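The chain that follows stands alone, in the form predicted alone, written as structure tokens.
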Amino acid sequence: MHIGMIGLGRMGANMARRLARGGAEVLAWSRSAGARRALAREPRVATVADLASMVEKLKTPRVLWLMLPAGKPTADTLARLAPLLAKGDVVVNGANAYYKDSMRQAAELAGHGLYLVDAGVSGGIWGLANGYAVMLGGDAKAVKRITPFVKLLAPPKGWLHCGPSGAGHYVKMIHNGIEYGLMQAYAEGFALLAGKREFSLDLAAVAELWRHGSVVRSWLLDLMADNLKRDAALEGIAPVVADSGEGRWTAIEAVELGVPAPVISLALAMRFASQGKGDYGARQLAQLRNSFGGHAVTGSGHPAPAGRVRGGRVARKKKQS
């Protein structure tokens, strides 16, 4: 079993390791020489200096797995690979990507006699040990060709051929949209717990309780419980949450289908707000309240919150004597 892994970031490097530890022979490439050196120490992994070398060394019919950022980096790499490959070779795009891009790219590669399988992959940094959930879209023959590798990556029952080209990335897109909503709900719930300062709630203890028998238990809650045990105050964490594309694509899809998805859409909007993208609108609101009602406007130096979390419990504000 020989496979080429292109892109050795947090996901790609660990997927290469899991494949190699499962018995596959992996050829790996990244623009980063440091990433190549780090992976080269792994048994059954060899690195190459460029894509042409990878294609030359892989046995035919070839399987190459891409783990690159969505958009131009993936598109450019596919364009470079297409003339190097031979009819019947399979390229898997295992990174997050907009499903319509994957459908178009699959059609383009088909014109060269090549297969593109879109693979939504979930598991994050824990996937090396626990396995990755893999959602596949593409031609059944191509999926059959890559199935031995998918079985090395995924836990039992952890993969599915979802449908034709685009289906794998579509299912992963919706998966990540749901993730946005779940994370937002947990964050809001624990903000309410922290806000009830007169109860001095032990947030870590509440999270641990909910992990056992509660209907809201989940892996995300497990992670939150561990985080709260280490640092319930989170004072070293800036309140800024990035959005990497999947939430936007899901919200756009909801509009295009005319399907209401308010939880996912609002969770996405909250990420925008955390990035300061709602600040100008909030300033306008404050100014309008001042204009029509004479309400006070707060300056840029905001006062500190009335209470904060210390050591897993919510500290009550001390009364002024």
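Heads up: residue numbers just count along the shown sequence, starting at 1. Because the structure is predicted, anything quoted here is derived from the model rather than measured.
The same protein also exists as the form predicted in complex with a further copy of the same chain; that form is not shown, yet it is the one meant from here on.
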Just checking whether residue 162 would be counted as a contact of a further copy of the same chain in the predicted bound form - the rule being heavy atoms within 4.5 angstroms. yes
Hey, in the predicted bound form, is residue 253 touching a further copy of the same chain, heavy atoms inside 4.5 Å? yes
Does a further copy of the same chain come within 4.5 Å of any heavy atom of residue 195 in the predicted bound form? yes
Any non-hydrogen atom of residue 110 within 4.5 angstroms of a further copy of the same chain in the predicted bound form: no
I have 23, 26 and 245 flagged as a candidate spot, so tell me whether each of them has a non-hydrogen atom within 4.5 Å of a further copy of the same chain in the predicted bound form. no
So which of 78, 133, 232, 114 gets a non-hydrogen atom within 4.5 Å of a further copy of the same chain in the predicted bound form? 133
Since exactly one of 174, 228, 90, 95 fits, which has a heavy atom within 4.5 Å of a further copy of the same chain in the predicted bound form? 174
Given 68-76, 237-245, 141-149, 177-185, the stretch touching a further copy of the same chain in the predicted bound form at heavy atoms within 4.5 Å is 177-185
Check each residue of 216-234 against a further copy of the same chain in the predicted bound form and list those with a heavy atom within 4.5 Å, in sequence order. 216, 217, 218, 219, 220
